[in-house]
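Form predicted alone, single chain, as structure tokens, below.
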């Protein structure tokens, strides 16, 4: 008996980002409101992080709501009918329900039902991971148009008395519509992980421990110096690898959009990469804070609002965080 030959799908040769959308927590929370419980000062926070205020959502607003708002803007700006979107990926660490996925609900809310939909947990690298997945799935014929969202309500997992990370965190969502392109719009992603450093940043307890009364509600913690050194030295190498994978140099870039973890890390990155003054560097952290998976699309959205001349230029984006995980790619800005 002759075994039949399976058919495999093939998609377009290239993809690109069509448009972006953004949603930030409606409350601007200044440093002064957070310094009491951590026995700190506005000056200390600004010097260490570059943050002046951070965006946080009210109690009645969920990460799902932020994701929906950002997605609707991205779809409207893209010109792609929502019913043509057949893949929705939400990068998040703050879905308060283990299941169902945030992505499935967003897909229905924006009119993309019955798109394939799932959540992806790669922390602050989540958006870069999701872009890599959307690019690959479209090029192999697994999807036609993708909606990629980074969405976080990190104020749900903040301990106001924690000095390691709590004052960094904000709430928001950034979304991108990705689809076929006649020319390359998303270069190969350089990504990976180092689970040996898993304890450097993450939750300080499990839901099982919380249920059993042996731990408080789990909140985020980090070993600041460990994360800082890893981000500055190891991630600069990853950024250079992403430039090489794209076949470009720092001088070819219009923008550099790193995860908005800390202004000192961003500035050190620029030095390590020897970026020329012509490259615009995203510094959205100053008024948004660290929004984990949402930070790169939020920073990109703001950068294009403030510098529309960057549209069509090349941007290097890199995310890195809990896991430890990292992902970087060069993209053409919509």
Ligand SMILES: CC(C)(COP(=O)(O)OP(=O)(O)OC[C@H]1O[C@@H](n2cnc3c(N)ncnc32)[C@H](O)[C@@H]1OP(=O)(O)O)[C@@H](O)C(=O)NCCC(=O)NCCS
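Small disclaimer: the values here were computed from a predicted structure and weren't measured. Positions refer to the first chain, counted from 1.
Another form, the form predicted together with this ligand, is not on view; read the next lines as being about it.
Visitor: Is residue 40 close enough to this ligand in the predicted bound form to count, meaning some heavy atom within 4.5 Å?
Guide: Residue-level check for residue 40: yes, a contact with this ligand.
Visitor: Does any heavy atom of residue 97 come within 4.5 Å of a heavy atom of this ligand in the predicted bound form?
Guide: Contact with this ligand, no.
Visitor: Can you work out whether residue 145 and this ligand are in contact in the predicted bound form, taking contact to mean some heavy atom pair no more than 4.5 Å apart?
Guide: Residue 145 lies outside the contact set for this ligand.
Visitor: Closest heavy atom of residue 48 to this ligand in the predicted bound form, within 4.5 Å or not?
Guide: Output for residue 48 is yes: heavy atoms within 4.5 Å of this ligand.
Visitor: Since the partner isn't included here, can you check whether this ligand sits close to all of 225, 264 and 290 in the predicted bound form (heavy atom within 4.5 Å for each)?
Guide: Yes, all three are in contact.
Visitor: Using a 4.5 Å heavy atom cut-off, which residue among 121, 204, 164, 241 comes into contact with this ligand in the predicted bound form?
Guide: It is 164 that has a heavy atom within 4.5 Å of the partner.
Visitor: What stretch, of 305-313, 274-282, 53-61, 31-39, brings heavy atoms to within 4.5 Å of this ligand in the predicted bound form?
Guide: Comparing against this ligand in the predicted bound form, the contact stretch is 31-39.
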